[in-house]
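One chain comes next, on its own, written as structure tokens: the form predicted alone.
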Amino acid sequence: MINLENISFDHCIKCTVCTIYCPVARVNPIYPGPKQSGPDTERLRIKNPDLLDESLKYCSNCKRCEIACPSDVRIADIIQTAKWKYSPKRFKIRDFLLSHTDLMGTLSTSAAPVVNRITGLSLTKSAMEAFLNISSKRRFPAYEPGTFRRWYGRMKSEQEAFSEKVIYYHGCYVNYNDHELGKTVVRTLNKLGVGVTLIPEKCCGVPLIANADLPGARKNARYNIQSIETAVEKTHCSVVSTSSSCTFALKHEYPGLLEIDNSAVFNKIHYITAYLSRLFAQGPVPELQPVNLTAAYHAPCHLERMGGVIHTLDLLSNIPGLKIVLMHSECCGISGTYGFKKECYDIAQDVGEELFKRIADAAPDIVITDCETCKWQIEMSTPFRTVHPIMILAQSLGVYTF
């Protein structure tokens, strides 16, 4: 039965611009492109679910097709829904491990040095490729001992002294892998006169969506929205996130793909650079010290999809001495858990090859990107250190030193 509330595929005018703009179709001849996998085949699937094209698995959900579409067709959403709805329901250990980031983070941070050592061994990587189909070529992000939330617990009373506050949705990456980014966010906001509050949260659901577990993603989405609604109603604070993909999920994937109503708090959720750009626009702009670096900037796909790149560039433009070189290279290729999978690793590297070349040609002092998985991909595939834009601002404010 056709869901008359979701027939955006009927708006497709078959212009094929989405296929031209698709980074996967460009390097993988097996993948026919988003037009065929999305709106074209959806018309057939709703009549006969057996007409499943296995090439669906090659869609990385980067959303670049939706950026390019002149008819506002939710192409990536159609493909992700089809993966869940029509694909055989087979439990895969690999997909479970890659998508349950809170579980893996909780287990790994309790013995982080040992876990990092083991996952870095060639023998371990070979075993994971043989038994789990996780590419042995992929470098795993390191875990940190403990969690960011534990560190924040020691700062909570200090944060309560600020008259203006924001709620920080830190996400899995900050909580388990990069405490320094979370700490720097707190120190930076404090320097600007803003206190930081944490609320109960779960993984945003992006890894679950990527591995076709939409029910699991919806469960997390309901929990997160309920937590945010309760906190916003009580405090009237804005919510900020330092992950472009987490922000995109909270604002757009929840009501779109997952059909979870977030209208009560939609306008309260901001990517961190959008929040800070507005703060700077209200004035006064804080005194910023020069950061004399040449930085290559890579715009993540999900940040582009929600129109947030302009805020990052606007924020960075306030920093004296900083020279930004834009990388006009589109997707980096990794797309979250996509680049970890054996069957997708080479595709991910081929997609990112143009970016890697452009970074090398720019020969920057540092690379800036808003997405943690883009950071992993760039640091694995180039010799350049990659940082979040907040780290650059923090350097200029004197609360962080490279």
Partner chain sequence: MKFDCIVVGGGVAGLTCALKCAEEGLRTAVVSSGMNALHFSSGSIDVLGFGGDKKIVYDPFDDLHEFIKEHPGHPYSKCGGVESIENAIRFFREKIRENGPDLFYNGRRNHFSVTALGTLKPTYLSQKSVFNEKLKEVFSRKPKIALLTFEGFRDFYPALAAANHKRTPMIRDCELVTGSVALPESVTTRKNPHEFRSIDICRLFDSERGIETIAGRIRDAAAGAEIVGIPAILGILHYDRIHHRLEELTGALIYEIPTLPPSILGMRLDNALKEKYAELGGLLIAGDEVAGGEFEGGRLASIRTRNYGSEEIKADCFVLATGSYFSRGITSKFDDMKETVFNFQLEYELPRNKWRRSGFFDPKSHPFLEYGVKTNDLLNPFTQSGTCVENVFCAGAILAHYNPVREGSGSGVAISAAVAAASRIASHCRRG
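Positions refer to the first chain, counted from 1. Computed from a predicted model, the values in this text were never measured in an experiment.
This protein has a second form, the form predicted together with the partner chain, left out of what is shown; the following refers to that one.
- Mapping the unseen interface onto this chain, Lys156 falls outside it, with no heavy atom inside 4.5 Å of the partner chain in the predicted bound form.
- Residue contact with the partner chain in the predicted bound form: Gly307 places a heavy atom within 4.5 Å of it.
- At a distance threshold of 4.5 angstroms between non-hydrogen atoms, Arg26 is in contact with the partner chain in the predicted bound form.
- The partner chain in the predicted bound form comes within 4.5 Å of a heavy atom belonging to His328.
- When the partner chain is considered in the predicted bound form, only one residue from His100, His311, Arg138, Lys83 comes within 4.5 Å through any heavy atom, namely His311.
- Comparing 332-340, 359-367, 373-381, 60-68 against the partner chain in the predicted bound form, the single stretch with non-hydrogen atoms within 4.5 angstroms of it is 60-68.
- Interface residues of 32-48, taken as those with a heavy atom within 4.5 Å of the partner chain in the predicted bound form (partner not displayed): Pro32, Lys35, Gln36, Asp40, in sequence order.
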